[in-house]
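Just one chain follows, in the form predicted on its own, and it is written as C-alpha cells.
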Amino acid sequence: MNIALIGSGGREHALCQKIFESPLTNKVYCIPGNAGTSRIAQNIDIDIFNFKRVLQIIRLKKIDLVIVGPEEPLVRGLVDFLSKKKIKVFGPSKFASKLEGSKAFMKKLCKIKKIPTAEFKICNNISQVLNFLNNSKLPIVVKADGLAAGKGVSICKSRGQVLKISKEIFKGKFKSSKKLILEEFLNGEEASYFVITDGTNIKFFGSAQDHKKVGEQDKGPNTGGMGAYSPAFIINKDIEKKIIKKIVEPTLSSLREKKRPYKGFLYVGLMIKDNEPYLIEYNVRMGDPECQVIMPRLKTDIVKIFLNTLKNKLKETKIVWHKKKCMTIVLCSKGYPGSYKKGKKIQNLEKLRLDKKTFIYHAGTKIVNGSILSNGGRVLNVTSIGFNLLKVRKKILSLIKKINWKYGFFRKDIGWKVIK
C-alpha cells in the first residue's frame, strides 16, 4: 500500500516510523514531513490546508490510505473532504473534531452526559467573566474556546490576571475564537489516556504523562510538552474502568446519537484527584510528545489497526504492547515557548550510533543543502525504551550531550515525580 501521512511534527515522525515498518506498506509520503521523515518517506512540501492540492497529490501518487496527524486539518474538515472524494482516510470528521476544536462544545457535552469535569462558565463578554469571578475561588483557569496551538490555557492566581487574559481573548488574540471558558482549578495529577475507536468499539491505545511546564520541577509557562513517559503509573485498573465508563463511553454514545460517530484516535486529558478521573480536555489525535513514547511500545502492526478501524472491525483486532517503559526528552530552541530563532544547524546527529531501543524523532527540523536545520520551537525528541526509567533517562541525557546543540535547551528532570 502507498500511505500518506499529513503533518510535520515529532508525532508524525513516530507514526511514520511505525507505518514504514509495516509489511503492508509499500511507500510512505509525508505531507509536508520534516528532516527525520525524509529518511524513511518521501516528503511533499505543500500547504496541508489547500485540500484540493492535497487531493491532487493523493491521486498523482496513487495513495491507498491517508492518516491525518495534527488537529487543525481535522478541525477544518480534511477527513470529510477526502471521504467525499472516495479516499480512504483515518481520522475523525469535522463535527466529531469539535471535541478539540471547541472547548465550549466539549463542556456542553459534559454537562448533558454528566461527565466528571471542572465547574465552568462559557463567556462571550466581560460581565459574564465578572459574574463567574464573584462566585468562584482563585485560582481560575481561562481557556480560549478554539484551537490556540497549546497557548490558549492560563492558570490565573489573581482577578486582574483573569480579566487581562479574558480581554485579550475577546479582542481576538487567537484567530479561532473570541469566546472563552472559565473553569475552577482542579488540584491533582495530570495524565494522558488514549483510545482508538471505529465508532462503536473502543480499544486502549496507551497512556502517558506529559511535562507541559518549560522549567524543571514543573515551573514556568506552559509549552506544547517538554517530555513524557509511558505508561502513566497513576492510571490503575480501577481508574481505567472509570475513565471508560464515566468519560469515554458517554462521549462516543453522544456523537452516535447525533448520527456523527467518532472514528480515530481520541486523547483523553485527565486530572486524577482522590482516585477519581476528571476530564480536562479532549484531543482528536495522538498527543505530542505522548505519541513518541507510545509508538515504541506498540507491537501490533499499526497499518492493520488503521484498516480495521476503517472497516469497523476493531473488536476483532488484538493490540499488543511491550512491557518496557519509554521516555522522551524534547530538545527545544532557546527562547521557546517565547520567541526563538529558526534555521540553526544541528551538526552531530549523523555521528550518533543508535541501538534498537533508542530513537530520535524529528519535530521542528528541515533539510537545506544537505544540512539539518531547526525549524520550530520543539526540535528533536530523544527517546529510549527499557525497564528502568532512571537508566532510560540517563541514556537519553548522554545522547543529548553528544548532540551538543548550542542553540537548544531541555529539561533534565523528565519523570521526576516517579523516579526516586
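Quantities reported herein were computed from a predicted structural model and do not represent experimental measurements. Numbering starts at 1 and runs along the sequence shown.
There is another form of this protein, the form predicted together with a small molecule, and it is not shown here; the text below is about that form.
Residues within 4.5 angstroms of the small molecule in the predicted complex, judged by any non-hydrogen atom, belong to 153 to 161 and to none of the other stretches in 125 to 133, 153 to 161, 305 to 313, 244 to 252. Though the partner is left out of this view, E183 does reach within 4.5 Å of the small molecule in the predicted complex, counting heavy atoms only. Contact check for D198: every heavy atom lies farther than 4.5 Å from the small molecule in the predicted complex.
Interface residue remark: E281 is counted as part of the site for the small molecule in the predicted complex, having a heavy atom within 4.5 Å. When the small molecule is considered in the predicted complex, A118 lines it closely, a heavy atom lying within 4.5 Å.
Residue M271 is the only one of A104, V214, I346, M271 with a heavy atom lying within 4.5 Å of the small molecule in the predicted complex. Scanning I165, I202, V141, V75 against the small molecule in the predicted complex with a 4.5 Å heavy atom cut-off leaves one residue, V141.
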